[in-house]
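Okay, so here's just one chain, in structure tokens, the form predicted alone.
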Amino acid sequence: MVSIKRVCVYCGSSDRVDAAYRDAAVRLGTLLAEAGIELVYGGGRIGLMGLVANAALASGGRVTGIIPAHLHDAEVGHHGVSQLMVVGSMHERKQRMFEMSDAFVSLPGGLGTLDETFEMLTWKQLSLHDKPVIVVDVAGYWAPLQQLVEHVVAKGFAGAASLGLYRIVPSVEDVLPALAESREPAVSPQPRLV
């Protein structure tokens, strides 16, 4: 079992989404805080990002947000978090989120969430890390991701082991048990972006 002190949560910044997604973000933030796990996230105050952060804070949790300067300057940064780090680029944001986190959890989100999730899967495939990656399939949101990865494997562009790079769980209540069942990482290199 791996020791999880900080979890990076990837999720959307849109407020125009189904209540099931919003409820899941609130519940996840609450569960992490109640378990004494620090939330690391993209630093926004809007959408699911703001909801997960606010819920963790409301439950007494520590929250670290990492936001690129251009988004901070557009006034979407959350200044109520425990620590808000303003960085120079999206690449630096993802690097810092990776370095600070023991595991990654993806809630529903848009292209940015897809990018972040796939980057962690790619780095894991390349043996640059072996941290747990949990995908929360709220209301079937991530079913197309599973189908896509299965398609990639079926067409020979990735090995069957790619299906084991992440774990899909049906609800946020399954996240902490899934993390508790994770094994200790086998590799510890810290990938550096150029």
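Note that residue numbering begins at 1 and tracks the sequence as displayed. Please read these numbers as outputs of a predicted model, since none were measured by experiment.
Although not depicted, the form predicted in complex with adenosine monophosphate (AMP) is the subject of the following passage.
*Asks:* Could you tell me if residue 124 has a non-hydrogen atom within 4.5 Å of adenosine monophosphate (AMP) in the model of the complex?
*Replies:* Residue 124 lies outside the contact set for adenosine monophosphate (AMP).
*Asks:* Can you work out whether residue 13 and adenosine monophosphate (AMP) are in contact in the model of the complex, taking contact to mean some heavy atom pair no more than 4.5 Å apart?
*Replies:* Residue-level check for residue 13: yes, a contact with adenosine monophosphate (AMP).
*Asks:* Would you classify residue 102 as touching adenosine monophosphate (AMP) in the model of the complex, given a 4.5 Å non-hydrogen atom cut-off?
*Replies:* Although adenosine monophosphate (AMP) is absent here, residue 102 would stay clear of it in the model of the complex, with no heavy atoms inside 4.5 Å.
*Asks:* Should residue 78 be classed as touching adenosine monophosphate (AMP) in the model of the complex when contacts are defined as heavy atoms within 4.5 Å?
*Replies:* Heavy-atom contact with adenosine monophosphate (AMP) at 4.5 Å: absent for residue 78.
*Asks:* Indicate whether the candidate residues 29, 34 and 36 are all in contact with adenosine monophosphate (AMP) in the model of the complex, with contact defined as any heavy atom within 4.5 Å.
*Replies:* Heavy-atom distance to adenosine monophosphate (AMP) in the model of the complex: none of the three under 4.5 Å.
*Asks:* Pick from 40, 56, 49, 136: which residue has any heavy atom within 4.5 angstroms of adenosine monophosphate (AMP) in the model of the complex?
*Replies:* If I apply the 4.5 Å criterion carefully, the residue I get is 49.
*Asks:* May I ask you to list the residues of 99-133 that have any heavy atom within 4.5 angstroms of adenosine monophosphate (AMP) in the model of the complex, in sequence order?
*Replies:* Going through 99-133 in order - heavy atoms within 4.5 Å of adenosine monophosphate (AMP) in the model of the complex - the hits are 109, 110, 111, 112, 113, 115, 116.
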